[in-house]
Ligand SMILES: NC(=O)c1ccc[n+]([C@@H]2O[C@H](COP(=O)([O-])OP(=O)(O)OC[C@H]3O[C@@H](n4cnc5c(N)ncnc54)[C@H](O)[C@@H]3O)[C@@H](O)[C@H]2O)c1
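This document opens with one chain alone, in structure tokens, the form predicted alone.
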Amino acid sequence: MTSIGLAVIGAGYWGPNLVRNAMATPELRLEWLCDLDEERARAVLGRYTTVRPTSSVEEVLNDPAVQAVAIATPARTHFDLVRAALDAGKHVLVEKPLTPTYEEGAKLVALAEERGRVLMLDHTFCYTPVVRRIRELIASGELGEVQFVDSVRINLGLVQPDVDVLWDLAPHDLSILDFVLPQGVTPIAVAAHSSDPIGAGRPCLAYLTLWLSSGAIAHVHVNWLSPTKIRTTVIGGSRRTIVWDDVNPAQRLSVYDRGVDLTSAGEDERRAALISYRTGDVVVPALPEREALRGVMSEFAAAIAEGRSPLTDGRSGLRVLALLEAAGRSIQNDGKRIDLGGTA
């Protein structure tokens, strides 16, 4: 198969990771690294002497050798850059979030469909072995019906200059939730609370509650101010429960055959129900250790070559934006529940 010509736009925090993984993906051929600071691009490229640095997006988009671009720039720049790339006939991989607003994201999704181009979100966690296994366990029915989700993503992090903690960290958890939930189960309402105890001018910690169409509930806690790093997700099912501890490589995923069973006391349903506690084995699945971004690059190349939607397409990015905007409206209304009305 002929390799796909790729340009990376943005040589800051995430750009070098895109460069490294693009160079390691046989289906891709990295042509350019574009950054407003061309010297920074040169420094990132280092030994990649066949890749050209530039500060001109126009030069990249006008190059017929470039069939696709990967964008790793601040969210406020995404709309203009993605639109320009799609208008130039390029396939696009873009960092989360897709855009700062749902309205802008919807325009890009429509434009990609109109142009017949792949628009993919770099929802990196969805390409980790652990999240892929969680998705399989839920889809196979091994967990039973999903009853609750509890996710914690906290650390002493960088207070971002242009986004709050919700827009910085919660897209990870929301995209994972979107990826692993059973088919037909979707969020129907959101409520959120946030705080800025250090006076940063934007929320530094937040709590989100999501009501799911199945009747289950999901909770997400994100925080820049915690002195310890915690990355845990618990997904409780009617048969088994998953615990994912992302900072514990020795036991990243545990599947517990433990839970609560409810049985009716006799034929008369009006009688008191009986609760029994099930205590079974704990299984720690063997998972390969591989860089998720390699999977992102491979999926991007495969979606282009096969003319199909990627696993994390533009519409998955829209669903995340719908939840973020609803959470923002809830915060502005003192944590009021916001019904999604079908936008997610």
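Numbering starts at 1 and runs along the sequence shown. None of the values given here were measured: they were computed from a predicted structure.
Keep in mind that the form predicted together with this ligand is not shown, yet the notes after this line are about it.
Heavy atoms of D35 reach within 4.5 Å of this ligand in the predicted complex, making it an interface residue.
Not displayed here, this ligand is approached by G12 to within 4.5 Å at the level of heavy atoms in the predicted complex. At least one heavy atom of T73 is located within 4.5 Å of this ligand in the predicted complex. Contact check for P203: every heavy atom lies farther than 4.5 Å from this ligand in the predicted complex.
Every member of the trio V57, E95 and D122 reaches this ligand in the predicted complex with some non-hydrogen atom inside 4.5 Å. Note on contacts: among T77, S195, N155, S214, the single residue with a heavy atom within 4.5 Å of this ligand in the predicted complex is T77. Between the options R315, R52, R40, R294, the residue in contact with this ligand in the predicted complex by a heavy atom within 4.5 angstroms is R40. Figure note: of the listed segments 222-230, 129-137, 236-244, 95-103, the one touching this ligand in the predicted complex, with heavy atoms no more than 4.5 Å away, is 95-103.
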